[in-house]
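One chain is shown next in structure tokens, namely the form predicted alone.
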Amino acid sequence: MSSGTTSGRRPIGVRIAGTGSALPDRRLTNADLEKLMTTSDEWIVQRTGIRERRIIDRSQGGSTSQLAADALKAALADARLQATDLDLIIVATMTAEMSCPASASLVANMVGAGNCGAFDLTAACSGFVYGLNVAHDLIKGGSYRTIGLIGADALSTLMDYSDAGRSTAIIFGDAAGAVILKATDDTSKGLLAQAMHSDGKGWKEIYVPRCAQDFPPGVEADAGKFDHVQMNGASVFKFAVGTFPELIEQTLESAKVAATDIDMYVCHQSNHRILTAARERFGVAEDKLYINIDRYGNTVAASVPLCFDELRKSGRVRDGQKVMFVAFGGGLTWGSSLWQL
């Protein structure tokens, strides 16, 4: 973590000045999925906690970039800023419409941000938390003062809504969430601790093949699976169950605080059972670990900022509190970001 000082500069704090989110209008309920594949509401809820999710309508212009732009506009309004106030836009996503240009460049144009910097960050479900750490230190170093960070994904574009893809199609939804990060003279605000990890050996547990060469050794190439998420659910669940509490513990130790000192845990919404198990392990009160997976499913990089926006809008997260952001996902990746708001 950078020191936040450069020659001739005063120490810099970082505050979260605004939040926003965007959701597609279309709801895809478990009852809807029952008509598309062999599954049931009871089976889905029991294993994941999900009751419905939102999905974009591409025929009406729905896209990852449009969701991201809408979320950023909402965050700018919340922060009482104009798009031209932004020095940099970062979009965390794994569902960019194109490999070039970056979604962040499209978003900058959509919101009228002028010639500010713009780039995408790809770390699957961990993308937004990685982005928090990166954006924080860019501001702390003194080179940027106002950054728009967005987590946005439209996993419906990578789903197979038939029996062949039911193990993944029941899980994912589309959304975007954004935060505005600003430099402040209050040096008490900003990161207290962070962690970012990856295990490339586990890439084959969640991947999206584009061609025959993309399949892991020992797995027969199948053109019917191109551009669809392939996931080993059992392995990913085991990875998450083991990694999640270790990551929280590592971050607490780094900041030299107790689990009960944290006012809110804003965690990636992957599975209700994983979230509940982590909360119980650390003796965290139920109202300190937010869960909205029942309404939106797993929205990948949008998951954490969507939760945070809802918490902030409801008054459950406020300035002065300690908030820990935690995520894990494809890569395999996992990361944390503990903030003093």
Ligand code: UT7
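Residue indices: 1-based, along the sequence shown. Note that the coordinates shown come from a computational prediction; the quantities given were computed from them, not determined experimentally.
Below, we turn to the form predicted in complex with the named molecule, even though it does not appear here.
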Next item on the list: Just one of 283 to 291, 46 to 54, 305 to 313, 62 to 70 has residues with a heavy atom within 4.5 Å of the named molecule in the predicted bound form, so point it out.
Entry: 46 to 54
Checklist line | Listed residue (T243, T184, N271, S198) with a non-hydrogen atom within 4.5 angstroms of the named molecule in the predicted bound form | finding: N271
Checklist line | Single option in V236, A74, M110, C116 placed near the named molecule in the predicted bound form, where near means a heavy atom within 4.5 Å | finding: V236
Note to self: Although the partner isn't part of this model, could you tell me whether T29 comes within 4.5 Å of the named molecule in the predicted bound form, counting any heavy atom of the residue?
What the structure shows: no
Item checked: T38, heavy atom within 4.5 angstroms of the named molecule in the predicted bound form -> yes
Note to self: Can you tell me whether M231 touches the named molecule? I mean in the predicted bound form, with a 4.5 angstroms heavy atom cut-off.
What the structure shows: yes
Next item on the list: Determine whether any heavy atom of I171 comes within 4.5 Å of a heavy atom of the named molecule in the predicted bound form, and answer yes or no.
Entry: yes
Item checked: Complete contact of R166, I206 and F328 with the named molecule in the predicted bound form (any heavy atom, 4.5 Å) -> yes
Note to self: Do any residues of 110 to 125 have a non-hydrogen atom within 4.5 angstroms of the named molecule in the predicted bound form? If so, which ones, in sequence order?
What the structure shows: C125
